[in-house]
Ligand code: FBP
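Read the single chain below, which is given as structure tokens and is the form predicted on its own.
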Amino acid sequence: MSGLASELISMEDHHSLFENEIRKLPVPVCSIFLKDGRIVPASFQKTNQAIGSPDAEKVNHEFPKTVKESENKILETVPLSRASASGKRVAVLFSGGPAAGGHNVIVGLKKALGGNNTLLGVKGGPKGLIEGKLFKIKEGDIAGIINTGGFDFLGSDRTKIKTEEQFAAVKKTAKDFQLSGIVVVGGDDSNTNAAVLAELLSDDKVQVIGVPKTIDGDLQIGGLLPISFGFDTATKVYSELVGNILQDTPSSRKYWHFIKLMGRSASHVALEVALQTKPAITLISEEIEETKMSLEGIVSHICDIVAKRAAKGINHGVVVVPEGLIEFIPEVKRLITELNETMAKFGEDINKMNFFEEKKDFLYKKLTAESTKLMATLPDEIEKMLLLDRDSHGNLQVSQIPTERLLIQMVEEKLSEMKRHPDEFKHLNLSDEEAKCFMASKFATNSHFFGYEGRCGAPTLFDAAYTLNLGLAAGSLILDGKTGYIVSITELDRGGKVQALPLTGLLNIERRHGKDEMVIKKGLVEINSPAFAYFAERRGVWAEKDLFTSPGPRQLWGPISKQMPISVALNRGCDSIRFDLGKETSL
């Protein structure tokens, strides 16, 4: 075998030159976790600041034990002043969709727990917890996953633990493995489940701690929880891809690219990518809902910008579309709500029907006249997508709805109409020469959906550091005997401030599966936020001419590697986009 062949074989199984180097990469560690150059756990104490749920009375009734213990007060870190607890057995699981940086949560947990406690991994997420698929995580395992990947070391799933049989199975797993604690790494629904488990296992003295994960960025609570991990990596990956396409458009000079970006319930990803790349058009779902913009209004808005650019001889551009856009358009949202309620109520009847037309006819009779009329105007492809089975949380699977293609079809039709009836673009006030240029223009398109590309790559330096410190915080909470909290790090530009938020203080009542359920409210893009205000101020300029930027690939070395998400920096009032989470420390 040649030397080259041997070298190539040695690079298999996560040992590329890149992967070998990032395992050696030192990452910033908050000062509270450092003592004499060593990583150590911290302790926690209650503050006087409490988080109040708008549905506090019902939450307190459902979670009496954890509410009594936490008083819904925020915890802050203090240096550990006593010997760490020993003999604890802690399980960690990933829940929901993957996100870059998950492995470093495990690294942080292992380092916080030290050699006198045992860390167990749960294979396959919540389902693995139910089925008792646990194994001991060793030091050698940690050395192999530092700074790498998404969730592949443990795997994940979307099982929601909510039935009596599932609760009994979790109790059995906790007893069989003599668990002292469980760490749930997940998004809003997963951390809602963590709150339920904390209450369920309180009498068994099993602590439950949550870690905020979701690339969507919708698990954030103002200044208390600025962002979830995975968001920075995903948006930088998407920004590189969008930046490449933006560079291509003035090169080929003939295509409009409609790009749908992952992020089902909030537009944080779309907003961040827009701030990174400056495309001609970015739709923000929350603004559309706030301003009650109709589907026809959205199409007209896009057409106006396309026409104005075409009038200047610019027959190319990029339209960024949030994955969940369709659920925020008022008339479509009403339709989806009616469909969700009807499908929850008549699910058994609908499942017995074999044909799409049969299901559609049945549902048409249950909808209001307005929703029936709207449904009938949509293309068959979209109609079929709206009738897809809901996910485990009762949500429409919007990632499967080709919103970007729907918009392309409707924009094509509208532009054709504008050219047939020049009065349709009279409001644009084009000169005779500009109008002639628009009339002669062609509208050629491409569509894309960027989703899985951004979820599991090697984490950015920000996410690598953020997750390591979140893991250290979760491990410290376990050692300190706390339960029912989600970890948080604020002051991202000033060394990092580590806190723990009571999960019960975050719970609200939402409509799911046709009934009210306790959930952690999703953090949507706020129209009055500094990040959105800056975007709104600049987007008109970006629409007029090509002012795009290509941020390039993720960087783990050099000055660009120290950049936090732009939207987070703006919303937190930072003076710079450079993050500071403490001293860089070799792991």
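Numbers follow the displayed sequence, beginning with 1. Predicted model only: the values in this text are computed from it and were never measured.
As for the form predicted in complex with this ligand, it is not shown, yet the points below apply to it.
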Touches this ligand in the model of the complex: residue 214 (any heavy atom, 4.5 Å) = yes
Looking in the model of the complex, any heavy atom of residue 149 within 4.5 Å of this ligand?
-> no
Does the 4.5 Å heavy atom contact test between residue 264 and this ligand in the model of the complex come out positive?
-> yes
This ligand contact at residue 279 in the model of the complex, heavy atom, 4.5 Å | no
Looking at 308, 111, 455, 316, which is the one with a non-hydrogen atom within 4.5 Å of this ligand in the model of the complex?
-> 455
Tell me, which of 471, 96, 181, 496 has a heavy atom within 4.5 angstroms of this ligand in the model of the complex?
-> 96
Out of the stretches listed (338-346, 447-455, 405-413, 84-92), which one is close to this ligand in the model of the complex, meaning heavy atoms within 4.5 Å?
-> 447-455
